[in-house]
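This document starts with one chain, in the form predicted alone, laid out as C-alpha cells.
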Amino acid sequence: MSSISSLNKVHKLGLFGDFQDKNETNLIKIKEIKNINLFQIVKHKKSKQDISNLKIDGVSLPKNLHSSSSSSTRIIWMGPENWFVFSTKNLIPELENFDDQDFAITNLSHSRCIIEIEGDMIYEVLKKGSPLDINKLNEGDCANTVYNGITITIDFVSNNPKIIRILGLRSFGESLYHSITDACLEFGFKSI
C-alpha cells in the first residue's frame, strides 16, 4: 500500500507570483516534505523515567520550545513531556525499546502535511497569517501557533539560509498550502 500526499493534487512545480525580472536564487522556495516517518512520544504523568539520557537515532529529546536533529532524524518539542520525531529511517525497532509504562508512542506518519519554505522573506510570509513574534525565533526553535485560523507547528530549521517547516493537520493541508502560497505571491516563489 502506498501513501498519497495530502498535497498530491495541489503542489505544482514551477515559478509563481512576482518572479519576473528576479534572480531565481532570491525567490522563496516551497516544497512538501513527504515519505517521512512521524511519531509522537508522550511521557506519562506518573512516569519517573529520566529523559536526559534517552536518544532516538542518536538524537536527544529537546527541551521546551526547541528541536534537535541528525542527518536523518529531527525531534521537536510539542508541549510538556510531548515530542514529534521525524525520520527518513525506520525507527520502529528503536522505539519499541521505550517502556509503555513510561511512554505512549503513536505513529502519525500520514496525519500531517509538512511544508518547507526557504528564503530571506519567509518571516514576512509568516507575519501575514500568524500572531507569533517571529523575529525572536532562531534555528532550533519551534512553536505552536495559528496561520489564518489553521493550527500549525513551526520548526525553525536553519538561519542561513532561512528555512522553516510548517506542520498542519492533513485535513487542513490544502487550505494551509493555499494560505502560504498566497502570502508568497508578492515576493515570487519557486515550487520545488
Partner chain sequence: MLYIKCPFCGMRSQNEFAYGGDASVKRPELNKEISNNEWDDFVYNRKSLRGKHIELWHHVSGCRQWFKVQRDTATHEIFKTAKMDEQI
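These numbers come from a predicted model, not from an experiment. Numbering follows the first chain given and starts at 1.
Below, we refer to the form predicted in complex with its partner chain, which is not included among the displayed structures.
Engineer: In the predicted bound form, is there a heavy atom of its partner chain that lies within 4.5 Å of any heavy atom of T145, even though the partner is absent here?
Structural biologist: Contact check for T145: yes, within 4.5 Å of its partner chain in the predicted bound form.
Engineer: At the 4.5 Å heavy atom threshold, is N160 in contact with its partner chain in the predicted bound form?
Structural biologist: Answer no; every heavy atom of N160 is more than 4.5 Å from its partner chain in the predicted bound form.
Engineer: With the partner left out here, check for me: in the predicted bound form, does some heavy atom of I36 sit within 4.5 Å of its partner chain?
Structural biologist: Flag for I36 set to no.
Engineer: Counting only non-hydrogen atoms and a 4.5 angstroms cut-off, does N53 reach its partner chain in the predicted bound form?
Structural biologist: No, N53 is distant from the partner.
Engineer: Which residue, S70, S60, S47, T151, has a heavy atom that falls within 4.5 Å of its partner chain in the predicted bound form?
Structural biologist: Contact check passes for T151.
Engineer: Heavy atom within 4.5 Å of its partner chain in the predicted bound form: which of V85, M121, M78, L91?
Structural biologist: That would be M78.
Engineer: Heavy atom within 4.5 Å of its partner chain in the predicted bound form: which residues of 43-66 meet that condition, in order?
Structural biologist: N64, L65, in sequence order.
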